[in-house]
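A single chain comes next, written as C-alpha cells; it is the form predicted on its own.
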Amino acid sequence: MIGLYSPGTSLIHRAPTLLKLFLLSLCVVLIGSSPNPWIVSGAAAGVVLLFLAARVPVRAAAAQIAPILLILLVTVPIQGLLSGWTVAALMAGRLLVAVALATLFTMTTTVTAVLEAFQKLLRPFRRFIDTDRVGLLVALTIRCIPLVSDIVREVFEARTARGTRGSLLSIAVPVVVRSLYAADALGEALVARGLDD
C-alpha cells in the first residue's frame, strides 16, 4: 500500500499516533457539531498553522485537499438553495477542515504506526475481535480518503477534457465505478499477500 507519508522530524511527526487519532476525532466531532462560523474559521486557521508546523510539502498537501473543492462546487450551491448560504458555507468549511486534518494525519503518520496504534487500542478486546484486521481496516480507510479524492479529480479532468457538461449522475457513476475497481484491486493485493477474503 502506497501511503502519503512525508518523512519529517516535526513535533507533529513525533507525536504518538493514538494522541493524533484522538485529537483528529475530537476536532472533527467538535467542528462538525458547531453551528458557529467563527469556530469553523478558527479551526481552519489552526489547521493552516499545523501544516506549517509539520513542514510537509505544500504541493503534496494541496493535491490531497484540492479535489474536495470540486465536490463543493456541486454541493455548496445545492445546499445554499435548499438550506441557506450560511448553512452551505458552514458545511463547506467543516468538510474542508476535516479533509485537511485527515490529510495532515496521513502525511505525518506511517501506516505501520496506525496499525500498531489500533492494535494497542484494541488489545483488551483481543478475545472478541481480530485486532490485526481492525487495525488494517482503519489504516485502509484513512488511506482511501485521498484515493477517492484523486478519483473525483480525475473524473472531473476527464469530463473537462471531453468538453462535456452533464448532470450529477454523469459524475457520480464514474466515481463509484472507479472506486469499486480500486477496492477490488486492493482486495486482490491483500489476498495475494496472505490475507483471506
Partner chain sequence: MTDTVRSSAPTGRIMPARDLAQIAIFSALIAALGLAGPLNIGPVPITLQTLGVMLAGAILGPRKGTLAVLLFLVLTAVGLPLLAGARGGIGVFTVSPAAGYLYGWLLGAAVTGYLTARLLPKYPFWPALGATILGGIVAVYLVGIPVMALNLGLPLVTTIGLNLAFIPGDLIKVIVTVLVARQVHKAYPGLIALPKGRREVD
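Residue numbers count along the first chain shown, from 1. The term rigid core refers to the maximal set of C-alpha atoms that superpose within 1.5 Å between the two forms. Here the structure is a predicted model, which is why all the values come from computation and not from measurement.
Beyond the structure shown, there is the form predicted in complex with the partner chain, which is absent from this document and is the topic of what follows.
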Problem set entry | Heavy atom of each of Ala102, Val138 and Leu147 within 4.5 Å of the partner chain in the model of the complex | yes
Problem set entry | Partner proximity in the model of the complex: Leu169 to the partner chain, non-hydrogen atom cutoff 4.5 Å | yes
Exercise. Are any of the heavy atoms in Val111 no more than 4.5 Å from a heavy atom of the partner chain in the model of the complex?
Worked result: yes
Problem set entry | Touches the partner chain in the model of the complex: Leu21 (any heavy atom, 4.5 Å) | yes
Exercise. Does Val56 make contact with the partner chain in the model of the complex, using a 4.5 Å heavy atom cut-off?
Worked result: no
For this session: Taking the partner chain as it sits in the model of the complex, which residues of 119-136 have a non-hydrogen atom within 4.5 Å of it? Please list them.
Result: Asp130, Asp132, Arg133, Leu136
Exercise. With both forms fit on the core, is the shift of the CA atom of Val177 between the shown form and the other one 2 Å or larger?
Worked result: yes
Problem set entry | Displaced residue check between the shown form and the other one: Leu137, CA, 2 Å or over, core reference | yes
For this session: Look at Gly187 and decide if its Cα position differs by 2 Å or more between the shown form and the other one after superposing on the rigid core.
Result: yes
